[in-house]
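The chain that follows stands alone, in the form predicted on its own, written as structure tokens.
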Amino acid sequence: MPGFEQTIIPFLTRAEKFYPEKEIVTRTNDRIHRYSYSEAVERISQLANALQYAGVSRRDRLGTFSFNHFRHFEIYFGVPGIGAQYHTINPFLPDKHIEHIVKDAEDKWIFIDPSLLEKLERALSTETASSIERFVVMGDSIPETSLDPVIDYESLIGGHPTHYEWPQLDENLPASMCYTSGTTGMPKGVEYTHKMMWSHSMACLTPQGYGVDDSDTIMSGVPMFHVNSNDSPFFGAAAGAKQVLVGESPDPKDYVSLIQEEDVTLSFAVPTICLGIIEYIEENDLDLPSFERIQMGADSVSQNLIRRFEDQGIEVLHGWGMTEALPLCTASRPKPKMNDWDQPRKLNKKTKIGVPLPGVETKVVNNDGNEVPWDGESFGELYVRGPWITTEYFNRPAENEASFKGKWLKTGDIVTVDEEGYFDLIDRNKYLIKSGGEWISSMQLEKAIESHDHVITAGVIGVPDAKWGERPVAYIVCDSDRRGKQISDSLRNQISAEFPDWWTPDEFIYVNNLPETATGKIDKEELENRYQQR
């Protein structure tokens, strides 16, 4: 017999019913905002009533341009709760990507933080901005802006009833949407249904996921504009856990202060943030008795970073995922039979991306189309499928044909599998560069550099970096031997105008020619060898 529809509002109503006093805490620019689940539900109900009163319909798509705070949390539940869909937009993307995303998604409304108004004004053309029916500033007043029509969030929900009769929704109804980071072209949209988000949250609650329960206080350093902040608002509510939202642009001191003051037990962050946190803890000789575990979402985590946290009594959880997978697919933690292993052997397992979560199916396929053996050496492309893994991109039929095989997502990630079933990532689309937990496209950088008037050709590689994991370095052939460093500043300006600042290569190395493969392509392996031998 079919069960009840698997939708996300029951996560919220469960928290309200059984944990009404538990808090949702936000770090703002000038204070700490806190309220209980029961108070949050009243405001979320006001939002739902306001949206319905304003004529928002099922399947309408409403964008958010926002950081981690309580109003964004309210949108996470209020918008899909009435059957509409919220769409998170990464404010750190280049303007042209933001413009593409808003147009492609056909957002009817955009909720925006006051500090991001100028950024959105720059990114949207007059045509795109005029197609938005309403802009909502996430505050209680409206700074000067050219965006129109505009209303502040508190005026939007103010005066509306604090109770809302949540409708029964189809579990296959789209609830949220996120775009990829656009490392191999323009960002691609991924829609998440209620059932996908429900399934992912339930898997995260298991011991093989994050093992969250009602004794936890969770704090996500993952932005809410990036894959639902690992879905933490949803599984946090489902568990009845206290939640801490880090606000805008926190530094390591902010993270550690929140951990201390709010008794955080579990946090999520990319390795760059984790490095800042552990350095602050060590430099200040701090004791954090509540802080039990930290999850690092990245393809590779050094043994040294894991060891530094564990020396402080903090367990490191290493996971892997994709925007297409909401995002978590695998997690690396020792199996019980490994408890007696020595530390180096355990650390070796923890640096791998781990084993699939319950519900995720995987296979690793080599170039011949055969699955590779579990020997830790044979490698192939990782395929994944499961109840929260997408089977298509939004409005992208050409990419769908290349990226999916039936219900399988072809990740483009090259991995090995050891005898215990732990995946180890070898490469991602071979030459993509992972810096501070974010991807940089070497090909797009090469095209940008080669568009300079005095550049003939360029080859970009990723090189190891102690802080960021990897950083890009560009080898460049100019039209004159004397150009060299003369054009470095203009190259940096050109790249910064098209991409985020952190995409700019750390070094520009000027050479007379670039090595080529037998097919006439730039030999990046040889460039890597040359860099190592400098």
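All residue numbers refer to positions in the sequence shown, first residue = 1. It should be emphasised that the depicted structure is a prediction, and the values quoted were computed from it without experimental measurement.
The protein also exists as the form predicted in complex with a further copy of the same chain; that form is not presented, and the subsequent description refers to it.
Participant: With the cut-off set at 4.5 Å between non-hydrogen atoms, does residue 73 touch a further copy of the same chain in the predicted bound form?
Facilitator: Close contact is absent here: in the predicted bound form, residue 73 is far from a further copy of the same chain, nothing within 4.5 Å, heavy atoms only.
Participant: Quick one: is residue 268 in contact with a further copy of the same chain in the predicted bound form, heavy atoms, 4.5 Å cut-off?
Facilitator: Answer no; every heavy atom of residue 268 is more than 4.5 Å from a further copy of the same chain in the predicted bound form.
Participant: If you check in the predicted bound form, is residue 359 within 4.5 Å of a further copy of the same chain, heavy atoms only?
Facilitator: Taking the distances in the predicted bound form, the answer for residue 359 is yes, it comes within 4.5 Å of a further copy of the same chain.
Participant: With the partner left out here, check for me: in the predicted bound form, does some heavy atom of residue 386 sit within 4.5 Å of a further copy of the same chain?
Facilitator: Yes.
Participant: Pick from 121-129, 331-339, 452-460, 141-149: which stretch has non-hydrogen atoms within 4.5 Å of a further copy of the same chain in the predicted bound form?
Facilitator: Among the listed stretches, the partner-contacting one is 331-339.
Participant: Heavy atom within 4.5 Å of a further copy of the same chain in the predicted bound form: which of 199, 444, 403, 435?
Facilitator: Of 199, 444, 403, 435, the residue with a heavy atom within 4.5 Å of a further copy of the same chain in the predicted bound form is 199.
Participant: State the residue from 325, 239, 101, 277 whose non-hydrogen atoms include one within 4.5 Å of a further copy of the same chain in the predicted bound form.
Facilitator: Looking at the other structure, the residue within range turns out to be 239.
Participant: All three of 14, 355 and 391 touching a further copy of the same chain in the predicted bound form at 4.5 Å, heavy atom to heavy atom?
Facilitator: Result yes, every residue of the spot touches a further copy of the same chain.
Participant: Would you mind checking 4-40 for residues with a heavy atom within 4.5 Å of a further copy of the same chain in the predicted bound form?
Facilitator: Residues within 4.5 Å: 4, 5, 6, 10, 11, 13, 14, 17, 18, 19, 21.
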